[in-house]
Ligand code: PXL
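Just the one chain here, the form predicted alone, laid out as structure tokens.
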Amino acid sequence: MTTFAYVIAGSEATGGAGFQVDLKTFQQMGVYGVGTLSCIVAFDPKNGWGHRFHPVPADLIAEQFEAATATYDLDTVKIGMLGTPQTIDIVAKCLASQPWKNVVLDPVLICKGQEPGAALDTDTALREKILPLATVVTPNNFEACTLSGLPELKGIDDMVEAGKRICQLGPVAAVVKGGVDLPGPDAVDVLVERKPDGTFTSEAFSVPKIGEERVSGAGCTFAASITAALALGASVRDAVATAKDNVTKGIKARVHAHTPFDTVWQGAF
């Protein structure tokens, strides 16, 4: 029996992040990927590989959603880059039009190339309209600080506190990713889950760092792995463990290119 997973995210033309990574991750994990494009991002090699950002019109996003959900019985979705308040509005309306078993939010808060004011408006809209719909949210260090209100994350205790604060905004679980931003020799991610009685549990997932440089597509691969695992019936805890293993293998087998950064290789897991 075919297992489906749906993604609403942006296209990244080099294939190293975004929609392309999500579908590759789904495929690698034995899940049939279905997707809706929210925006198109093209790096500019003539300008420091900055983002050239192009939103997809809201009516076209709605048409893609209508086609995808009419074709398949979809109950698990990953939300990636949305990019504008208008996009967030239509995605929130689309998501609310049917029930979902799993909503995984990779809260991409900043898109290089956006004006600061536009970025702030997008952050606010994401927090108010998409975050409460999520069952699992996967913020990186910067995003966790922004969403939780903490000034910085110095260690696991801070990550747990950030996760609790984020869960209080709606999600059932938050995976706070330390990555290369957290000091020390290990790459640490902390899962915080909110129980029905309002209490929290937490667990740290740690592996030795593979260098100190960011690798493009790691966050997308991580959230997409969680999404696929949940679609296959895994618990949140086991989905996070699978995602951690996938990303570690993908970073070890990273793809080198003409860009100033490497990318995760999904074929390694």
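For every residue, the number given is its place in the sequence shown, counted from 1. Computed from a predicted model, the values in this text were never measured in an experiment.
There is another form of the same protein, the form predicted together with this ligand; it is not shown, and what comes next is about it.
For the chain shown alone, F200 is not a contact residue for this ligand in the predicted bound form, no non-hydrogen atom being within 4.5 angstroms.
Remark: V108 counts among the residues lining this ligand in the predicted bound form, judged by a heavy atom distance of 4.5 Å or less.
Taking the partner from elsewhere, H51 is found to have a heavy atom lying within 4.5 Å of this ligand in the predicted bound form.
Contact annotation: T248 falls outside 4.5 Å of this ligand in the predicted bound form, judged by heavy atom distances. Residues V175, D189 and A243 are none of them found to lie within 4.5 Å of this ligand in the predicted bound form, as judged by heavy atom distances.
Annotated contact segment (heavy atom within 4.5 Å of this ligand in the predicted bound form): 41 to 49, selected among 41 to 49, 225 to 233, 28 to 36, 57 to 65. Taking this ligand as positioned in the predicted bound form, the residues of 1 to 32 that bring a heavy atom within 4.5 Å of it are, in sequence order, G10, S11, E12, A17, G18.
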